[in-house]
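One chain comes next, on its own, written as structure tokens: the form predicted on its own.
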Amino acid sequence: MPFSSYLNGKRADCKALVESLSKHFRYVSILGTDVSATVIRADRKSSAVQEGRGECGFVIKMHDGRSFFEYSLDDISGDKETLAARIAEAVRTDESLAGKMISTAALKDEPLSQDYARETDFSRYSDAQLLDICKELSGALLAKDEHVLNAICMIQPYTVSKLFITRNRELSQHYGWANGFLVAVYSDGKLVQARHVEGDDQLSRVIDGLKAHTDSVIDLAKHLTTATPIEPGIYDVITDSSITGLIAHEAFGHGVEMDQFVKDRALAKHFVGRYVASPIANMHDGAAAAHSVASYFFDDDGVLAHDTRIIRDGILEAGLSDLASAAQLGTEPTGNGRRDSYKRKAYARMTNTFFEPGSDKLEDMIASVKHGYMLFETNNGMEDPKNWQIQCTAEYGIEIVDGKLTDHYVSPVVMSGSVPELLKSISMVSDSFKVIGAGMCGKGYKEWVRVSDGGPNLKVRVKLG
């Protein structure tokens, strides 16, 4: 699928509006967004193809030499001088408030013109074909075991086109991603849900992955019906890739989003250059750091994607910034300016946040545990950046006794404690590594963006309950 023809047709309008607005502001950028999304779903009783979370519109970012302003609109047609005057009046600030506003330095607008496209195979599949695949997989799960009460298969492809224009820059990007979900609702004396998630920019790989895991979803459901609550305590724990990603996300994700540094709401601000984790811990974030759901060419501020090393050998090195927080702190932006939609403000947000792989073998890590648990599948997590506390929930855990995985499952499992204590307890890091992407992350309770999780396996010592 090609770049948005609608946005292509608006390039001249964007450039003209930038010129008109430049009479009022020192810096002007326009981000045009055209996102299409579809949700294809089938279960025991119903099936449907529905529109997903798409959008189409423009957001203008302005800087007057002192402060930032933003203005969003659905269309930029019409007389540009009139529109520019209307926008300038709409964001005009009373001079009595000038002393209360956060001032920032003038912005760079280095020349660059580039178009970026990441190929997908989405055009090979019609909605009807994808719906048939969902029906087929739902039926396959239902046929495998009489205890399956319902079976849900969902495929969610979406495509993104974005155009970014300033006086000196003209950038475009076009890419897609697809998430796939299998869910079995199962009852054998106890009602449980088991799931499998796939994510890729090729639908063929998502479909193949779902088809390959129908048996494992049913097997997991059977084990979850026998799962018991965990006895609270401090244990040696091996994390699967998903839980490792959740730890990275909650421990040094939100806590190093540098708009929180500006507001002095993150303790991490005072620990840059200091040990915050085990010396064998290394962590990255960036749209250019991995190929996943949160990978792009430029962010919503027009900053090219980065690979930011957050932690090097246990030492906190850097945070994640959007254009505004970087300007306020006097640092270079890291390409983490992201919006819920063109109607919402850009914030410093995570992208692909993960630990680097280490040198340990997973089997050796499990063998090193006398008594503990291996935790699987991200459920949810919370972080308190101000006080550096963390809570992560795993869908289930498997008990380890004398260095071997048993058949005893526990569910759910909540990991909690101090961020530095948890990260400093890392004693082994696997050489296996994968980043997966099907999730969304909010800033507080809103401002949702797509993020990946994953990484290597970790061995940590932590409180479970």
Partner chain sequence: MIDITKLLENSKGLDGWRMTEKATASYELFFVHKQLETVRATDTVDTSVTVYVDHDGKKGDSTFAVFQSMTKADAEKKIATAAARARLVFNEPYALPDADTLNAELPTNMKDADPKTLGRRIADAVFAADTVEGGSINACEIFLYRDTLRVRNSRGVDKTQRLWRVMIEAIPTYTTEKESVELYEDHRFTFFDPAKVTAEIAARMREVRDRSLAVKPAPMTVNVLLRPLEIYLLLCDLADDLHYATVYSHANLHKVGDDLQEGGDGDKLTFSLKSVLAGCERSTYFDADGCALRDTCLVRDGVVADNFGSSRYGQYLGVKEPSGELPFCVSAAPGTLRKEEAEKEPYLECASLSGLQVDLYNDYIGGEIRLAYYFDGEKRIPVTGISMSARLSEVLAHLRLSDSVCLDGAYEGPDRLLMRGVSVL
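Residue numbers count along the first chain shown, from 1. These numbers come from a predicted model, not from an experiment.
The protein also exists as the form predicted together with the partner chain; that form is not presented, and the subsequent description refers to it.
Engineer: Non-hydrogen atoms within 4.5 angstroms of the partner chain in the predicted complex: do L73, A128 and D384 all have one?
Structural biologist: The answer is yes; L73, A128 and D384 each reach the partner chain.
Engineer: In the predicted complex, is there a heavy atom of the partner chain that lies within 4.5 Å of any heavy atom of R461, even though the partner is absent here?
Structural biologist: No - in the predicted complex, heavy atoms of R461 and the partner chain never come within 4.5 Å of each other.
Engineer: Quick check on K446: any heavy atom within 4.5 Å of the partner chain in the predicted complex?
Structural biologist: Heavy-atom contact with the partner chain at 4.5 Å: present for K446.
Engineer: Is the gap between D79 and the partner chain in the predicted complex 4.5 Å or less for some heavy atom pair?
Structural biologist: No, D79 stays farther than 4.5 Å from the partner chain in the predicted complex.
Engineer: Within a 4.5 Å heavy atom cut-off, is G403 in contact with the partner chain in the predicted complex?
Structural biologist: No - in the predicted complex, heavy atoms of G403 and the partner chain never come within 4.5 Å of each other.
Engineer: Taking 4.5 Å between heavy atoms as the contact cutoff, choose which of R309, H291, R205, K135 touches the partner chain in the predicted complex.
Structural biologist: Filtering the options by heavy-atom distance leaves K135.
Engineer: Only one of S368, T331, Q173, T393 comes within 4.5 Å of the partner chain in the predicted complex by heavy atoms, so just point that one out.
Structural biologist: Selected option: T393.
Engineer: In terms of non-hydrogen atoms within 4.5 angstroms, which of the given stretches 187-195, 310-318, 161-169, 370-378 touches the partner chain in the predicted complex?
Structural biologist: Result of the contact check: 187-195.
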